[in-house]
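Below you'll find only one chain, the form predicted alone, shown as structure tokens.
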Amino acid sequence: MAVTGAILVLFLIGHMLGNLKVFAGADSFNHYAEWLRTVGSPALPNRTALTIAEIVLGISVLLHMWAAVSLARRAAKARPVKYAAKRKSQASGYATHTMRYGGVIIALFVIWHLLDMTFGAVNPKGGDATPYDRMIAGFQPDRWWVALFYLVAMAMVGLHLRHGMWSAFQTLGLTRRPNVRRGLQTGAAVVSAALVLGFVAAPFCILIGVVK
């Protein structure tokens, strides 16, 4: 769970930074998209590195889901009878209760996002348009519901990341001291919020016409 989570977080950070290139204009964004497909060229055929990265990401997602289900089943077997009284804790917070449904929303969003931005199957500009044109067309005002879906999915990603970071801190035994625990809680929240804002910035600015 931790290893695959770390891989996915690194991907999210890199993807967010790439998305922010849309603010530098069409040439910069399209050049970045082309660079992704030519990494390692001419030593390697085009798209080799990108394909390897996609395979690693796909396997990481599947293993992450498998780990989540396995841990849930293990926890259920360890305590088949529910607690008579529940204690309030970080583990019983809002993020924990939305992990399952948030995961479904994120999975549906990833499928839509690939069809929209990668393959262009549901994008107004189609698959032959440049990445920048697909990005701009994908978040026009008449497609406000796509931006809303994007926002909800990113919020779920933020909750997942915040909860995952906090769980990792607990597993490593870093939350025993109250002052350290508060700092780690703040750090997890700040990192998650920064990632969400970084992803939402481009669609929002396209939606309101700042980026055209």
Ligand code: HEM
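The structure displayed is predicted, hence computed values, not measured ones. Don't overthink the numbering: it's just position in the shown sequence, from 1.
Below, we turn to the form predicted together with the ligand, even though it does not appear here.
Not one of 5, 100 and 166 is positioned with any heavy atom within 4.5 Å of the ligand in the model of the complex. Partner contacts here mean any heavy atom within 4.5 Å of the ligand in the model of the complex, and among 146-154, 63-71, 179-187, 38-46 they occur only in 146-154.
The closest non-hydrogen atom of residue 11 lies within 4.5 Å of the ligand in the model of the complex. Using a 4.5 angstroms threshold between heavy atoms, residue 118 counts as touching the ligand in the model of the complex.
Interface residue remark: residue 27 is not counted as part of the site for the ligand in the model of the complex, having no heavy atom within 4.5 Å.
In the model of the complex, at least one heavy atom of residue 139 sits within 4.5 Å of a heavy atom of the ligand. If you take 13-28 and check each residue for a heavy atom within 4.5 Å of the ligand in the model of the complex, you get 15, 19, in sequence order.
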